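Read the single chain below, which is given as structure tokens and is the form predicted alone.
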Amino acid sequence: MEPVVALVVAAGSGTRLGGNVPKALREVGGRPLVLRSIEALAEGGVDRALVVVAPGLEPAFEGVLADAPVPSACVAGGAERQDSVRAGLAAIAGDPGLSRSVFVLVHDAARALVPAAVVRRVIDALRAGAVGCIPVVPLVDTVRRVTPSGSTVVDRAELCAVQTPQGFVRARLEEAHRVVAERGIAVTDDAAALEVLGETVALVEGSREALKVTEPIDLMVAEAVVRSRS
């Protein structure tokens, strides 16, 4: 069976989180976020990981990745998230050990506590024939659409929050990122890039434990999740 490769995006500076280390190297329960992410991905069925980091920070991450449960390496990212993903895809294509992969999972290092079951659901959907697959959770808050003329309530039953890892047939994701780059289209996630090609994205059940660590309060919640698991 072809290896499943994870592209872990860890190039963010973490300005809103604060601190004097990159966000992906901040610890939760005594372990860096990026390492916890790779551990969850590996438990869910990922065979290799490539971590995209801010240029110049490769040495800081390489020491952490030595403890990863699957072979893991670093590559320098770009100015925007889609630049970083594109750089990671190029690195996969150029590595003989990774280029055999048919499927690639793109994961935010900040979603370090994603349950392995979510990872497995994404991989299973790809093996069942999906070109792209994303985990989602229903919204629980009331949502309003705000415009210059006022605001209106949006039916939350028609909405969901999107998480990672997002899984794809690698060749189609590479094509999607090539097209959005050529057209100058800004996308906030990889599923949106795939949809530019007219592809349909499958949905699977996500988890509220897969919160994205962005602000200090998120670290507090993540610590609570880790304690509850132990």
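Keep in mind that what you see is a predicted model, and the values were worked out from it rather than measured. All residue numbers refer to positions in the sequence shown, first residue = 1.
Not on display, but discussed next: the form predicted together with a small molecule.
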Inset, instruction - Classify residue 115 as contacting or not contacting the small molecule in the predicted complex by the rule of any non-hydrogen atom within 4.5 angstroms, answering yes or no. - result: no
Legend entry - the small molecule contact at residue 120 in the predicted complex, heavy atom, 4.5 Å: no
Inset, instruction - Using the partner position in the predicted complex, report whether residue 126 sits within 4.5 Å of the small molecule, counting heavy atoms only. - result: no
Legend entry - the small molecule contact in the predicted complex: residue 143, any heavy atom under 4.5 Å: no
Legend entry - All of 9, 12 and 78 with a heavy atom within 4.5 Å of the small molecule in the predicted complex: yes
Inset, instruction - Tell me, please, which stretch of 147 to 155, 133 to 141, 104 to 112, 90 to 98 lies within 4.5 angstroms of the small molecule in the predicted complex when heavy atoms are compared? - result: 104 to 112
